[in-house]
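Presented as structure tokens, the chain that follows is alone, the form predicted alone.
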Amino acid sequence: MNNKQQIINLEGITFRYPGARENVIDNLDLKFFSGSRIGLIAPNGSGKTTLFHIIMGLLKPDAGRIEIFGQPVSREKDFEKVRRRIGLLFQDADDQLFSPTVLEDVAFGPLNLGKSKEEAIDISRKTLAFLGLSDFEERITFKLSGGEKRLVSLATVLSMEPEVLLLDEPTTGLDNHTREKLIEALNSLDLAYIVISHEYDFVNAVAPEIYKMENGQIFHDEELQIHIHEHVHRYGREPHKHG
């Protein structure tokens, strides 16, 4: 029996963009519980970003039922409450960053949630420190590199102290060092999350449950699990131990 709280319940979700011939999301079901960490291996065009936008109420499905934190949601007012509890990391960091400096960007969310200026700055500084970005406070946002923007975008989400994270291709633009830093940060968080990526190794490093998304649906794939295992271990068929 699963005693965990059901956070997201999608039933029969279908979505087609205007003018398109086929559904990008096609009768999709998804159940996601507290404490879970799910990785979705998804190529471009699989509907992954659309899925996250439907969960956040940024897109309205053509059919199906959405229940979040035990409550049915369909109206904009319903999703306003959802967005206070679920943090979305957009695929494109430029969609998330708009303030002149990094500290202003990271503090925007807490301020919008009703924190005082002092509280917002304190939360923002702690969040930046957690991600190893303490010296970024006064950096000009639009002058950051792609990888730096990615981490700052994550900081803007974490500063809102969400209960759940939806991470859309979080390794985009990251070099190997920054990628490892992101893996370490995600593994140290006490948060449930769904991470979408096309990078097998990254998903395997941050999510114990791995699924694939294709043709507008989500599948568990044992062959995918085996492929990831052998991809990580060059000598995967030889006896070895996991720490």
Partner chain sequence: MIEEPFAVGNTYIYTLDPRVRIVFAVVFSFVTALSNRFPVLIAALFISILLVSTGRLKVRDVLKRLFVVFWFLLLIWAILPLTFEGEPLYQAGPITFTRPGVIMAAQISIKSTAILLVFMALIATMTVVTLGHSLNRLYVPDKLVHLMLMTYRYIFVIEQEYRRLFTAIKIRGFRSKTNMHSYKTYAYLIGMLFVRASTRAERVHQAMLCRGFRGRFYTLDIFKSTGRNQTFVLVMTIIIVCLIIGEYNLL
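Numbering follows the first chain given and starts at 1. Owing to the predicted nature of the structure, the values given are computational and were not obtained by experimental measurement.
Keep in mind that the form predicted together with its partner chain is missing from the display, and what follows is about it.
When contacts are defined as a non-hydrogen atom within 4.5 Å, none of 27, 64 and 75 contacts its partner chain in the predicted complex. Remark: residue 181 does not count among the residues lining its partner chain in the predicted complex, judged by a heavy atom distance of 4.5 Å or less.
Among heavy atoms of residue 172, none comes within 4.5 Å of its partner chain in the predicted complex.
In the predicted complex, its partner chain stays beyond 4.5 Å of every heavy atom belonging to residue 189. Its partner chain in the predicted complex comes within 4.5 Å of no heavy atom belonging to residue 161.
This chain is displayed alone, yet in the predicted complex one of 99, 134, 71, 145 has a heavy atom within 4.5 Å of its partner chain; that residue is 99. Contact with its partner chain in the predicted complex, judged as any non-hydrogen atom within 4.5 angstroms, is confined among 208-216, 56-64, 191-199, 38-46 to 56-64. In the predicted complex, the residues of 124-146 lying within 4.5 Å of its partner chain by at least one heavy atom are, in order, 138, 140, 141, 142, 143.
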